[in-house]
Structure formats: structure tokens, C-alpha cells
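You are given C-alpha cells for the same protein chain in two forms, set apart as structure 1 and structure 2.
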Structure 1
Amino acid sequence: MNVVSYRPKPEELAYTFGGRPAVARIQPGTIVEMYTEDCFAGRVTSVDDLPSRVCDFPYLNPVTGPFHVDGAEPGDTLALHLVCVEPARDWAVSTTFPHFGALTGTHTTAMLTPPLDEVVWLYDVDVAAGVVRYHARRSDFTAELPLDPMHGTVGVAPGASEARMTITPDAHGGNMDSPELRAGVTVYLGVNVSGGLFAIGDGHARQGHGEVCGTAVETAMNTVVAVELIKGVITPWPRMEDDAHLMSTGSARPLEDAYRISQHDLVTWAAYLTGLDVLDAYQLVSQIGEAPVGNVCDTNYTMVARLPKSVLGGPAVYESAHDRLRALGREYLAQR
């Protein structure tokens, strides 16, 4: 088993997809162990650390990478299987942030009203108990919420010689903030540049649908990824697969366009996999498809379109990459 470990120093964190050299070259079939910092670059450590004071824009939402996958060329697809996503700390933070979030004016949805108060919440992350513990700031109210670790940000270098802030989700992936990005899922990303140059960050101990206040339960992660390269297969928008579902994503504004992209991709993908006529696939997805919301707060909004594989008769997807990567991941975990 080919295992590569990488823990970035603070100055090695990346703040764009594209525009940066790889931190490592890996072969397809490799397991990558990595450490990811939280979206505040670890600078918010108490309720007194207001992000607008301790963070320097645009040094937000760092990712670990990028990793160059040998042989990856435009027109191929990278398969990244999240073997495990484990909180690296026993605490996490979440905040409001001036002009960010779904229920406040932003730099885009520009308003003359003043921003909401900037407040920090500190969570306990209790991996053993499988919970995160919420503490209200203005009363004694507390609540235990299920731990459900995931990555907000997974992506590759974009095409067209672009470099994009890691906070932006688009066709190259990026900050999709979908709770589906948890251990056990395989992410498929279309390759735009030689090596693909994938990177991962923005760990969440858990998040709600849409990340309405703008941030999730943000924490550092120890994450393990199994990587495959699928040659000659184009992936127009990030897709995901878990044991039971196929998923397409779309990231755009307005939110209905994110919905349209994701549903369009799922419909045409289902038609391709099954030989169904496109309108027949449209009908089928209409009745059994789900649409879990990713984010409704970033520079683009994200929606996921999800379909049970069983309803399609369990087609072979991406040359069965998910099954192989799942097996590889189990083997890795068994040896660890």
C-alpha cells in the first residue's frame, strides 16, 4: 500500500485553487494522510477572538495541497475517496461574520443596514460520545448535536488558467459545504490541468443544510484520502458516490441555478448509465431524487442532487472506482 503523509506548516496553507505549485506528487492508487486547518486558519481559539480582528482577508478557508496526481490530464477524472475524517482537536468554533451568511446583507446582496453582531461560539468536540456540544452565548442553554465530520472544501485546479479563492465553489469543486462530503464518500472531479492538483480543507465537525449563519462547527481534521485516476472520462461538475447513492452537484447563483445544474447533471448521468431516454430519466429523477442543500452563504450557492443506485439497477459507475477505493480504505484502516 502506497501511503503519503502531509502536514502543512502555516505558511504552506493554500488559499486558492489553481495558481500554485503542488506540495507533493502522488501515484494513482495512493492513500494520502493529511492534516487540514479550520476555515479561520486556526486563529479563532476563544469567544474573544473575533474573526474580523484575528483573521486577515483573504487568508480565510485554507486548504491542504494541492497534490499532483501523476498521469492526470484534462479530460480525465480524479476519484477521491474519503477514508476517514477525524477531528484533530477536542474543540471547534463557529461565528457570525460581518456581511456574511444567509440572513444578513452581504457584499453581494448589498444592504444599507448595519451588519449583525459578530459573535463566536466555542463547541466541545467529543469524539468518544459522538457529539458536539453547543453553548449559547447569551444564556445557559446547551445542546448536544450528533458529530458528523465532513469537509466543506474539496476541489482541483480550475480550467481556463483561472485561480479561484478557496471560498468559492464552482465546476472545479471548492467550498461546496455539503454534509455529504463525509467519510465513505467518493468525490469525482474533472481534471482541468496536468496533475489535477486537488486540495482539501474546511473541516466541519457537523453543519446544517445551507450553513445559514455562514460558518459550521469549524475544526482541524486528520483526514485520509484514497486516490484513483480515471482516464478519458469527463466530469462536468463534481459528483459523489457512496454505497447507496449517486450524487451530482451544482454551484451557482441564484440558488435555482445550482439546483438546475445538479439536477441536469443527475438526469443526463442517469440516462447515460442506464440507456434510458433523457425524458424518461427526467421523470424518474423527479419522483425519487433528493436535493440536499449545500451552502446558501458562499460566493456561489451549492445544491446536491442524489439518487439511490438501487433504482437504476446498480450500474457500474466510473469503472467501479468507488468499490475499489472503499476496499482500499478498509484495508488501510485494518492495518492502521
Structure 2
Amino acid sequence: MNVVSYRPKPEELAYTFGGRPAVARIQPGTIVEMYTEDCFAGRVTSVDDLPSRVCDFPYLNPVTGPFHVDGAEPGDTLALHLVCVEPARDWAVSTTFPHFGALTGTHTTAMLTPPLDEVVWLYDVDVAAGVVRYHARRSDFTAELPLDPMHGTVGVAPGASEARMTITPDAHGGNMDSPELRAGVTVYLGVNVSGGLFAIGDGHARQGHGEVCGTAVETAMNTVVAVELIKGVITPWPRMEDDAHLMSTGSARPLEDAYRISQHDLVTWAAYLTGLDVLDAYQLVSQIGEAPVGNVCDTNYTMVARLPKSVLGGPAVYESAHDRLRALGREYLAQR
């Protein structure tokens, strides 16, 4: 088993997809062990560390990578299977920001009301108990929430020599902030440049759908990814697969366009996999599909369209890459 480990130094963190050289070259079939920082690059450590004071804007939302996958060329697809997503700290943070989030005026939605306060919440991350502990800032209220580690940001380099800020989700992936990006999921990303150049970051101990306040329960992660290359298969928007579902994403503004992109991709994907007429697939997805929200705060919004694989009759998806990578991940875990 080919295993590559990489822990970036603070100065080696990336803040764009594209525009950076690879930190390592890997072969398809490699297991990558990586450390990822939180969206504040580890600088917010207490309720007194306001991001506006301790962070260097616009250097937020760092990712680990990019990794060059040998043989990957435009028109191919990278399959990234999240084997493990484990909190690297016993604490996490979340915040509210002035002019950022779903329930406040922003620079594009100008309001005469005062901006929200900048407030930091500190969470306890208890991996053994499987919970994160919320502590209200303005009362003694506390609550235990289920631990559900995931990555907010996964992507590849965009095409046309673009460099996109990591906070922006689009067809290359990026800051989709979907709680579906947890261990056990395979992410499919269309390759736009030689090597693909994938990177991962923005670990969340958990997150509600929509990331309504603009931040999740943000923490560093120790993450293990199994990588495969599917030659000659185009993926127009990031897709995901777990043991039970196929998922398509869409990122755009307004939110209904992100919804349309994700639903269009799922309908046409289902039609391709089954041989159904597009309208027949449209009808099927309309009655059994689900639409978990990714984020409603970033420069683009993200929607996910999800369909049970069982209703499609079990067609092979991406040459059964999910099954192979899941088996590789289990082999890795058995040897760890």
C-alpha cells in the first residue's frame, strides 16, 4: 500500500485553488494522510481572539495541498474517498461577523440596521463521547451536539489558468460547506489542468445545513484520503457517492440557480446511468430526491441533490470507484 503523509507548515498553507505548485506528486491508488487547519489557520484560540484582530484578511480558509496526481489530464475525473476525518484538537471555534452570514446585511444587501457583533464561541470537542459541547456566550446555557466531522472545502485547480480564492465554491469544488463531505464519502471532481491539483481544508466538527451564521464548528483535522483516477470521464460539477446515495452539487447565486444546477446534474446523471429518457429521470428524481443545503453565505451558494442508489437498480458508477476506494480505506484502517 502506497501511503503519503503531509503536514504543512503555516507558510505552506494554500489560499487559492490554482496558481500554486504541487506540494507532492502521487500515483493513483495512493493513500494520503494530511493535516488540515481550520478556517482561521489556528489563530482563533479563545473567545477573546476576534478574527478581525488576529487573522490576516483575506487569508482565510486555508487548504492543504495541492497534490499532483500523475496521469490526470483535462477530461478525466479524480475520485477522492474520505477514509478518516478526525478532529486534531479537543476544541473548536465558531463566530458571527459584521456583514457576513445569512441573517445580516452584507455589502451586496445594504441595510441601515447595525451590523452584527463580532463574537467568538469556544466548543469542547470530545471524540470519545462523540459530542461537541456548545456554551452560550450571554447565558449559562450549554448543550451537547453530535460530533459529525466533515470538510467544508474540497476542490481541484480551475481551468484557463485561473486562481480562485478557497472561500468560493464553483464547478471546480471549493468551499461547498456540505455536511455530506464526511468520512465514507467519495468525491468526484473533474480535472481541468494536468495533475488535477486537489486540495482539502476547512474542517468542521459539525455543521448545520446552510452554515447559517457563516461559520461551522471550526477545527483542525487529521484526514486520510484514498485517491483514484478515472480516465476519459468528464464530471461537470462536483459529485459525491456514499454507500446509499448519489449526490450532485451546484454553486451559484442566486440560491435557486445553485438548486437548478444540482438538480439538472442529478437528473441527467440518473438518465445516463439507467438509460432513462430525461423526462422519465426528471419525474423519478422529483419524487424521491432530496436537497440538502450546503452554504448560503459565501461568494456563491451551494446546493446538493441526493438520490438513493437503490431506486436506480444498482448501475456501476465511475467504474465502481467508490467500492474499490472504500475497500482500500478499510485495508488501510486494518493496518493502522
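None of the values given here were measured: they were computed from a predicted structure. Only residues modelled in both forms are compared. The term rigid core refers to the most C-alpha atoms you can superpose between the two forms while keeping them within 1.5 Å. Structure 1's sequence is the ruler for residue numbers, which start at 1.
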Which of these two, 1 or 2, is the form predicted alone? 2
Moving stretches between structure 1 and structure 2 on a rigid-core fit: which runs of at least three residues all have C-alpha shifts of 2 Å or more? 107-114
